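This document starts with one chain, in the form predicted alone, laid out as structure tokens.
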Amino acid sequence: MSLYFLVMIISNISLKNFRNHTDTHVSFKDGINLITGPNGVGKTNLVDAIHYLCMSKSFVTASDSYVVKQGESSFEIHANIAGSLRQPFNLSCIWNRGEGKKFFVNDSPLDKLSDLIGTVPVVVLCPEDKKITNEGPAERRAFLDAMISQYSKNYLADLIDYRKILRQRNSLLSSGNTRNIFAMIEAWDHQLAGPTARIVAKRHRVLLDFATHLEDNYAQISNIRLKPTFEYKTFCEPTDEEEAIKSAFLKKLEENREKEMERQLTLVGPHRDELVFLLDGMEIRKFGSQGQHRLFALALKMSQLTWYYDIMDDLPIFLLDDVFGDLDPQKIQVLTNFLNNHDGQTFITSANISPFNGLIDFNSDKNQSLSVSAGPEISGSSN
């Protein structure tokens, strides 16, 4: 790439009782770090630890209780991180059963988990990404919200406020207090309208920018003349005019008042938005083949990375977990070319090094291959 980017680099990481890692310390290179080894030895757990440290959660499991090594009551992750312009800093997580998790920057605790998001931006590509195109709207909203939240603290704050107010509004709807509920619910409506308008407007603006990235990356990885598009469906015509969104939202709430009373649930808002993915106008969730789902998800994550190039000060870290096994040689070459041109740090897990022979230069000072064996023990070389 011809432009100069600021790069965020994880120099090393230490794991204690994280999944099947009892006491592991690994140093990384600035470019591509390939982690190989048989199934079950801890390759995915290593990159999952990076994701956990950056995003406060695992991309493998939803529960922290499954992250701690079996039989242990706590785990720790520590990493040394450097940026192109930032001073090097330490990022740590300590989790104790019954107490939860705490994150630290240079040994100073973060007040809120939300303060962590975006500190070290990360994009993860893994087999579970097929859920984004294959399953329900919640998967696509989660993808979109995570993508936006890493660069926009205001968007993340609006999401947190929205969910808090939504819980309180739903609690009122389910309370059975029919006598005073109409006056009370109207007050909650107006509290909800502000973050609603900002969330919808932000999603609309982001998706307008994201569309070109998706089209370009799908064409690159698929080599098929099918055009990927999407439709953002919300309670009103998508726009970036916040006042118009707010007005439409309050009107929809009023129209659905009786139905919400009956269902005891908020039926209007960005928590019910849908993102419909299409290939040449055909909805991929309903009509896509397994191969099309896989390629669309791959293009989504590549597009998230290239979109971040345009808007972030620091290039994100790219994690690719067990994604090369399902790709044919042509797509492996396209994806490795993409990674070679990525100026940021990359982590790849694979059963062996053979798919990358002749495609990634492990004699380069920037790249290395690491081998994980039972234990797990890790050995590495740059060639």
Partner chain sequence: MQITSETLERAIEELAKLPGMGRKTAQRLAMHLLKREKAEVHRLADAIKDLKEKILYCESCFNVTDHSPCSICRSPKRDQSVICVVEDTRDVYVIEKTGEFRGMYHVLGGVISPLDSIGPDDVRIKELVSRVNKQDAPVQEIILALNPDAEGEATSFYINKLLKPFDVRITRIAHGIPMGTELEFIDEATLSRAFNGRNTF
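Numbering follows the first chain given and starts at 1. Keep in mind that this is a model prediction, so the values were computed, not measured.
This next part talks about the form predicted together with the partner chain, which is not shown.
Chemist: Indicate whether the partner chain has at least one heavy atom within 4.5 Å of a heavy atom of residue 188 in the model of the complex.
Modeler: Close contact exists here: in the model of the complex, residue 188 approaches the partner chain to within 4.5 Å, heavy atoms only.
Chemist: Though only this chain appears here, would residue 108 touch the partner chain in the model of the complex if you measure heavy atom gaps against 4.5 Å?
Modeler: Residue-level check for residue 108: no, no contact with the partner chain.
Chemist: Is the gap between residue 101 and the partner chain in the model of the complex 4.5 Å or less for some heavy atom pair?
Modeler: Judged by the heavy-atom cut-off of 4.5 Å, residue 101 is well away from the partner chain in the model of the complex.
Chemist: Would you classify residue 179 as touching the partner chain in the model of the complex, given a 4.5 Å non-hydrogen atom cut-off?
Modeler: Because a heavy atom of residue 179 falls inside 4.5 Å of the partner chain in the model of the complex, the answer is yes.
Chemist: Of the options 233, 164, 130, 97, which one has a non-hydrogen atom that comes within 4.5 Å of the partner chain in the model of the complex?
Modeler: When the partner chain is considered in the model of the complex, the option within 4.5 Å is 164.
Chemist: With the partner chain left out of view, choose which of 219, 160, 184, 282 has a non-hydrogen atom within 4.5 angstroms of it in the model of the complex.
Modeler: Contact with the partner chain in the model of the complex is made by 184 alone.
Chemist: Work out which of the listed stretches, 169 to 177, 116 to 124, 270 to 278, 142 to 150, brings a heavy atom within 4.5 angstroms of the partner chain in the model of the complex.
Modeler: It is the stretch 169 to 177.
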